[in-house]
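Before any questions on binding or motion, here is one chain by itself as structure tokens, the form predicted on its own.
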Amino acid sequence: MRRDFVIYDLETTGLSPDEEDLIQIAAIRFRDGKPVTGESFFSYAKPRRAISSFITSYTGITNGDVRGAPSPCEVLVEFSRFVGGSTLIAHNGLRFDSKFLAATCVRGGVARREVPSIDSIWLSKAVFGNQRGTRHGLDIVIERLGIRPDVRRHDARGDVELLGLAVSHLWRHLNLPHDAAGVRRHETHLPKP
């Protein structure tokens, strides 16, 4: 069975989904074990308060970048339309990205839908093992896979491009079927489009 996936990445004003906001999201469609050319999503989002100088130095995203952007919830409505019936894939998605998506929906007071999601860390653990001390951060995974980053890290556009390459490699290593049958999933929330 053929199945579409959407690989995505968020940048935020901090680590707490209940206190902080997303400020950037990027995504690519993924099918048959590889990114689909020309099918992508990108948006800045305007947070409730100013972006700190630390976050700007880490992500490169400035208050000027988000000044005229839609609210995080408005961005997620558009993102939800892009996702459609696809399964989401994010790196550390269970512990980070999915929590930000759900918290943004709650803050925005929008009707939500459950969307199946895969944390690409699970793919990395399946390939590289889960022994004590084995780390699975994106930088380590791309290094292990021999991917040389030529994009800005901690910008959602660059990170989603790297993650797309990493997931393609991991997919092949695991010889996954087109629908990724057998890969653990969790539920996250997006606004109903």
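On a predicted model such as this, the values are computed, not experimentally measured, just so you know. Just count from 1 along the sequence shown to find any residue number.
Not pictured, yet referred to below: the form predicted together with the DNA.
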{"query": "4.5 Å heavy atom contact with the DNA in the predicted bound form for all of Ile55, Arg95 and His136", "finding": "yes"}
{"query": "Partner contact for Gly14 in the predicted bound form: the DNA, 4.5 angstroms, heavy atom", "finding": "yes"}
{"query": "His173, heavy atom within 4.5 angstroms of the DNA in the predicted bound form", "finding": "no"}
{"query": "Proximity of Arg112 to the DNA in the predicted bound form, heavy atoms at 4.5 Å", "finding": "no"}
{"query": "Contact label in the predicted bound form: Phe82 to the DNA, heavy atom within 4.5 Å", "finding": "no"}
{"query": "Stretch from 25 to 33, 57 to 65, 42 to 50, 164 to 172 whose residues place a heavy atom within 4.5 Å of the DNA in the predicted bound form", "finding": "57 to 65"}
